[in-house]
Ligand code: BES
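The chain below stands alone, shown as structure tokens; this is the form predicted on its own.
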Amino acid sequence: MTALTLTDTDLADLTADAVVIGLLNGEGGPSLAPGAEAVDVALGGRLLDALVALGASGAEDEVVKLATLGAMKTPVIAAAGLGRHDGAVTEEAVRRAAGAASRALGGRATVASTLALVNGEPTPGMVQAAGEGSLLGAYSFSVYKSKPAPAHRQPPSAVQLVVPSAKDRATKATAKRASAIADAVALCRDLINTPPNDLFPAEFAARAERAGGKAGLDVEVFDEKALKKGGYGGILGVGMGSSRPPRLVRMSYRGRGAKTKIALVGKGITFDTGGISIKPAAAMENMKSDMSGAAAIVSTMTLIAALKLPVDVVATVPMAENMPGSTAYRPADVLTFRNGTKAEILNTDAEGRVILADAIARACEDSPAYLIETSTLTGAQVVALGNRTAGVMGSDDFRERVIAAGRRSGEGMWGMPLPPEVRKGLDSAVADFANVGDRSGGMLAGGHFLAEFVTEGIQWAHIDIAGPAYNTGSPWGYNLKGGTGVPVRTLLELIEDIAGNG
């Protein structure tokens, strides 16, 4: 993992393999962002002209490198595009620029970054954004590579944020927080990126138990016998088709001075073939990411513990593999859930909501004030909102708090309704309701199904991350191909909001 430190050394005297500056994209052309002054002076006031000659425009996700040719101790300047802004540069623009710079500086062991300074005197938010982006952009997953990446492709091993005072206590605390967040997101990404033959339910549960134990959490793992005894018919039903049985993980954190109890739930389908309602072969390999919600919840729990937040949080994480084996559950089966509710299964590929139903029912037995669930629940989320914006459903006021937390963290969220006519589509002639309705409003139908298991009076939210959790395209900003870690940062912002405001 890349190390994050602070420095207040003058750039002319700083020894690093590269220094990152910000470049703004304006109507009249690109301009240097604050923080680049010392570099410009060292290059005789010709920095901007040189960058323009190389084609730099300051556009988002653009990184243009320039050799200093001995004018500075640092051999390379990397100008990271911040895009166009009316007024101050946003924290998310800095986060993305920092990530793009880390991705572009392979082979540069030590990188200094001025991006916290692009609005002048750095705020804690800017320091955090520059640190987070730098670390997340430097993430790599190479466990399964037989040979290490060549030196010129190795991500930076250390990033130094240039700040006015490296000894300032608040700035040091902010940098430490950025590192903790990046560590949690990296854990989430690692879990998502692990091949499904190595991350089946029992192994996923074991890794969650190890991570939780290391963080000081109380962890309990329920095997298939305990699930049967506990009445978890949904988790068992989905897991029946696999030779690798399901699990349920409960992780608990008790914060000092806590006044609020929060429940977290995340979908942990370690691989989803669709079961009997089997998926098309094309892109099925991406279904190793169907446990992204569970990975985010496990990682968030470790982050809450690392930051010692004053809340009580219990995570309930169901894990199963959805396979079309001879014992797989079938369309037309009726399953009985933890709370005694029965659902007719019309599509075995709508399995996420089936395991989440048991988990939500169990989480509600703890009588939390808030329940937050996240999952790669529906392809309809991608159709409606694309690959970078999650859909949020649930209690009206709480849904808006989730969206606001996503906005602060830089993770796109959009509120979606739960219209009563969509719920009617889940009516069943043989059970309390069915697990799917007609095709229209598929994302909303998934939300309605989950709502059936939320105890009245609990403020709740469902975050559908089917697109944002896993990047199948080209890298952008601080996101590489593969697991992104969404919505770990949103969950942290939200939980801190609850801790501070109830």
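When you see a residue number, it is the position in the sequence shown, counting from 1. This one's a predicted model, so the numbers in the text were calculated from it and none came from an experiment.
As for the form predicted together with the ligand, it is not shown, yet the points below apply to it.
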query	finding
Partner-facing stretch of 250 to 258, 266 to 274, 211 to 219, 72 to 80, counted where any non-hydrogen atom is within 4.5 angstroms of the ligand in the predicted complex	266 to 274
Selected contact from A93, A343, L136, L377, since only one has a non-hydrogen atom within 4.5 angstroms of the ligand in the predicted complex	L377
In the predicted complex, the residue from V89, A350, L199, V422 that sits within 4.5 Å of the ligand by heavy atoms	A350
Partner proximity in the predicted complex: L450 to the ligand, non-hydrogen atom cutoff 4.5 Å	no
Interface membership of D290, the ligand in the predicted complex, 4.5 Å heavy atom rule	yes
4.5 angstroms heavy atom contact with the ligand in the predicted complex for V64	no
Proximity of K176 to the ligand in the predicted complex, heavy atoms at 4.5 Å	no
4.5 Å heavy atom contact with the ligand in the predicted complex for all of K279, V436 and A466	yes
Contacts with the ligand in the predicted complex - residues in 313 to 342 whose heavy atoms fall within 4.5 Å	none
